[in-house]
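Below you'll find only one chain, the form predicted on its own, shown as structure tokens.
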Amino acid sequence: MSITGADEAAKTVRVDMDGEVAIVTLDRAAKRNAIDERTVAALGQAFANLPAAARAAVLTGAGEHFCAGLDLSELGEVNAAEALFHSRLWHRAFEDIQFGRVPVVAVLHGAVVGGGLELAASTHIRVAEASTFFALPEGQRGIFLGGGGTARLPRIIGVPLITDMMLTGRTLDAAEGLRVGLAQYQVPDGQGLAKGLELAHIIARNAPMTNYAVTHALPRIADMSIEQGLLLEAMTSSIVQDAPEAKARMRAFLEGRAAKVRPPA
């Protein structure tokens, strides 16, 4: 089933459903899925208004590239105030991804560059096809990250590597991205969407409150002092396990009706 909005912005972003998984597709292939203001607004709108049936989401890009970043033709001669408001628009949209209702799996291929890497960093699990390459060319463009990358990427790969990428234009391939944590999975070209959907359907089978706690509480606990984090962990754990679905799952496990954890194949 395909879902289309009446807003003009929806033309750059598609939302389809595969069972309980929403598939959100950047649809500017002719521009290597570079993000303009219309598209970033559409992304935020898509994730803020996912279909009620969605319990997980996959984010991907049409064509040969995931996302080549900011559409630089849009910058023009903007003043500081306009640039500030533009950056905050990106922040709001990517917040709707990272701290939205459901976990998001990104399927990466081709360019994951600049704002495209900032977008990928706002998702929870990233699958990289072999063609994927990561870069932060802002240093060579005379600009600076403005889509949340300075807040999210240090928590994934650290300040030294980001500094290197921004100052020297260093590009990482899929294998390097996997090694440093920009992706958690690597697959051959053409197999990313299948792997992303496989993972998303596994996630969709989890209790919704558990998924919500992992995506909302876990990153915030990691940013807290130990004392504050332990308190939030205890409160979150007590709320999650009190949900009716959690109690039903625990009964199934205790009665031998649930699958046990097995070693990896």
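In this text, all values refer to a predicted model and were calculated from it rather than measured experimentally. When you see a residue number, it is the position in the sequence shown, counting from 1.
We do not show the form predicted in complex with a small molecule, though everything after this point is about it.
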Review point. Counting only heavy atoms and a 4.5 Å cutoff, which of 173-181, 100-108, 133-141, 153-161 contacts the small molecule in the predicted bound form?
Key: 133-141
Point to revise | Partner-contacting position among A41, A68, I203, L50 - heavy atom within 4.5 Å of the small molecule in the predicted bound form | key: A68
Check your understanding: Looking at M165, A121, V113, A93, which has any heavy atom no more than 4.5 Å from the small molecule in the predicted bound form?
Key -> V113
Review point. Are any of the heavy atoms in A54 no more than 4.5 Å from a heavy atom of the small molecule in the predicted bound form?
Key: no
Review point. Even though the small molecule is not shown here, does A30 get within 4.5 Å of it in the predicted bound form, heavy atoms only?
Key: yes
Exercise for review: Determine whether any heavy atom of L72 comes within 4.5 Å of a heavy atom of the small molecule in the predicted bound form, and answer yes or no.
Suggested key: yes
Practice item. Using the partner position in the predicted bound form, report whether L197 sits within 4.5 Å of the small molecule, counting heavy atoms only. Key: no
